[in-house]
Structure formats: C-alpha cells, structure tokens
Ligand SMILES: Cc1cc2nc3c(=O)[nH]c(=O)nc-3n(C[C@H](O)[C@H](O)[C@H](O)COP(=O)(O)OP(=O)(O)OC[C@H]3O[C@@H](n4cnc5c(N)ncnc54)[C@H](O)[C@@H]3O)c2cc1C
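Shown here is one chain on its own, the form predicted on its own, set out as structure tokens.
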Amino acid sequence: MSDFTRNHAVVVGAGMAGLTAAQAISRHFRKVTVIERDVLPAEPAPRSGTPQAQHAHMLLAGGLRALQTLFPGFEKDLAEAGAVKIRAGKDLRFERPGFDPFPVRDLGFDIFSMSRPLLEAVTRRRVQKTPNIGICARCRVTKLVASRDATRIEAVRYDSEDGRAVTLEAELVVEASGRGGLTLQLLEELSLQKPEETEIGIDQAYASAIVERLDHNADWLGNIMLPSAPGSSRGAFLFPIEKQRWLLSIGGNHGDTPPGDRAGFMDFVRSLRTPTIYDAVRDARPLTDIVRYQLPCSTRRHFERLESFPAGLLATGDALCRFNPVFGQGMSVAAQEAVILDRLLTEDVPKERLAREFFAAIQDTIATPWGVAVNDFVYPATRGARPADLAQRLQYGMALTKLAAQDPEVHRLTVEVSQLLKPQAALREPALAARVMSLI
C-alpha cells in the first residue's frame, strides 16, 4: 500500500473531462468536489462555458465504451434521453473524394448521435447520483495552492457563488477546465518548467444550426461530407439528434469562413462538393439561430516530458491535447483518460509518481487521434512543424482508403481505429502494410 491519503479530491471543471474524471476518482476517495464556474442547466441546454457545444459532436465508439466502464448502463441512459442509435458503416452516409458515398456495410457495432448538451446532461445526472461527489456551480477557481516546500498540491482557492473566497484542502486536484491555465500558472509560480507545446495551425471556422429532420426518402440517418483537400477545405456534418432534429455543421479553414446569416449559410451548404446535404435540408424548418466558432490551432502539451511536477496534481482533457473538432475526438479521449486514471488509482500508484505515470499512460490514447490531426498539413497554409514523411503518409492513407473500399475487413479495421477502438498502429501491421503499399 502507498501512503497516498485518499480523503478529498477536487476536480476543476464540470464538462465531459471533469465529470468523467470525478467519477473515476470517486471509486478511490472518500469525497470528490467538482468546481465549475458556469451555471449548470437542469435540462440539456447550451451554456457559456462550452461555446463549441452548439456544434456537431460525435461520441466515438471508444468514448462510449469508456463511459460504459465508468457508468454501467450508460447506453440505456442515452437511449432513454433520446439519443439516436446509429449502426456503424450503415446509417451514416460517408462521402469523400472518389467515394460518394463510401461503400455501405454493417460493421457490427453501434454508436449514438445526440447534441453535446444532451450528452453532458446525461453524464452529469449519473455523476450527481454518485453519493460522494458534490458539484459546486457558479464558483471560479482562482489558484492552486502548493505546499511550503513546493513539492505537492495542498488546496485550491475559489470564489464562491456569493463572492466569498474559499480555500479547500485536497490530496488530489485534477484540472479539467479546458485551457489548463491554473496548472501553467502554478508551474510558473514555482519556477518549474512548463510543458512543451506542439501546434498545428488550421484556422478552423465553422457554423451550425439545428433544423427539423425531414423524411428525406433515403437509407441514411446522417451524412459526413469530407472536403476535396487540398483544393478545398469545405466540409459538413449532418447528424441526427434528439427530438427528431438534425444538427448541421459546416466549416472551412484558413479564411474560408461560413457566413452567419441564413442565406449565406445555405449558399455555403449549396457550394459543397456533393449536393446530398443541401438536398436533405433545403426545405427543413430552422429551429435555432446560426452559431459560429473558430479554433486557430490543434495543441498538444507534452506533460510527459517534464522532469518535475507537483505531486497530487493532474491535467486532463483539452488541457493536455486540443484536437481539430472536425474529427470529433475530444470527448472520447477525455473519457478514455478517466478510465486510465481509475486503473492507476486501483493499482495504488504512489502520489509522488501518479502524475508521471498518468501522463505516460495516456500517450497511446492521444497518439491515434493526434496522428489524424497531422493530416491537416495537407493544406499548404497549415502552420507548424510539417512531418518530413508527410507525402508518404498521405499516399499511404489514400491507398488504405482504396483498399478499405474493396475489402470489408479492412474497412471495419479503419473504422475501429477512427472510432478509437484500436490503436493507429493496427493500420501498419506488416501484412496489411504490404497490401496497401502494392496500391501506391
């Protein structure tokens, strides 16, 4: 047994990363407090703390599996809340250059489609049913408090809803607030090295609206239209969500910004490479205003490379790695990180080694989605350290896509990797690699 006192843990942030981390920790600590500066709605609704939440989100199969691990019966909760069950490879039409659509096949597993506010509300309800977790909403953490010898975390300070300054002692603090600013501030105060950052500058801009889901006489529930990169960055997602609605998100990068007015929005949809989505929604009644969001870059912070880090402190979710939202990976990765944290606490890793082992253990989880993000370098304007083997990677990817269209087993494998069920290394197994290379 380690000497890790497990009386009280604090999680900063009540988004998907914070909620899943809190649930994981609750199995090992007497009490867990989640501190969130935002107002948390009783029913599924957008909130100011998650400005991207009104856009299309996908809970990948790997994320669903992680949530099922943390919250047994979670799939049933989603279905009862109105989330739409989608059969992988069959119910979601997938359009990409050269394959409009990609071959339709039943790949043998389901995912769920819903709005981000619905997913967060279902997750929050499950967390609120965990007896030793408390959520303090409308409270803003202002500082992480280190011990006098600067080796470990002792407390957090926050401004309560009534304006009082409160100091809350804790043996473990997890920052899941998104930006990681509190952790970076503490490292600076302690004169400790900050993590190196890798950025992929994509200048992603997108616009979204919810519309009524019409009977469009098609054999698909949703549609993903990928751009003809590098010639165009325009793409779109049309996802079925609760209450018989569609959530439509359109986007581009490096200055190709979707308009925020209805006519301009629909003109952008009409300009897409294929007419499928426009034909489906052109007569659909809009149910919300158009909302827009921009992300300048994907960012990966290399906490795993730090030689010194305060004991009892962790960062998770977007504070570690923020992905291009087009690939829909962030929520699923955060849930998988929480499962890893649960495992390390079950293994009774000592407090002084927990951060090092956690940051090391999640690298394989991050590597697969980050490997997808590197494909954004297909655009000449993308900023960052361009991989020396980029041309070979892109060639391999195109040949793999061609093979997946021909071979159902390869198709299933590529989807399992993209859904974070298998690591990206599975696409480089010698036998498969030889078949792919023969098509280059």
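Sequential numbering from 1, following the sequence displayed. The model shown is predicted, which means the values in this text are computed figures rather than measured ones.
FYI, the form predicted together with this ligand isn't displayed, but the following is about it.
Contact annotation for Ser113: none of its heavy atoms lies within 4.5 Å of this ligand in the predicted complex.
In the predicted complex, this ligand lies within 4.5 Å of some heavy atom of Gln52. Interface membership of Glu75, defined by any non-hydrogen atom within 4.5 Å of this ligand in the predicted complex, is ruled out. Proximity of Tyr206 to this ligand in the predicted complex: non-hydrogen atoms within 4.5 Å are present. Listed stretches are 391 to 399, 23 to 31, 374 to 382, 43 to 51; the contact stretch with this ligand in the predicted complex is 43 to 51, by a heavy atom cutoff of 4.5 Å. Annotation: in the predicted complex, residues Arg140, Ala176 and Gln329 each come within 4.5 Å of this ligand through at least one heavy atom. Shown without its partner, this chain lists Gly252, Pro325, Pro310, Pro240 as candidates; in the predicted complex, only Pro325 has a non-hydrogen atom within 4.5 angstroms of this ligand. Proximity to this ligand in the predicted complex, defined as a heavy atom within 4.5 Å, holds among Val339, Ile290, Leu182, Ala170 only for Leu182. In the predicted complex, the residues of 18 to 51 lying within 4.5 Å of this ligand by at least one heavy atom are, in order, Gly18, Ile35, Glu36, Arg37, Asp38, Arg47, Gly49, Thr50.
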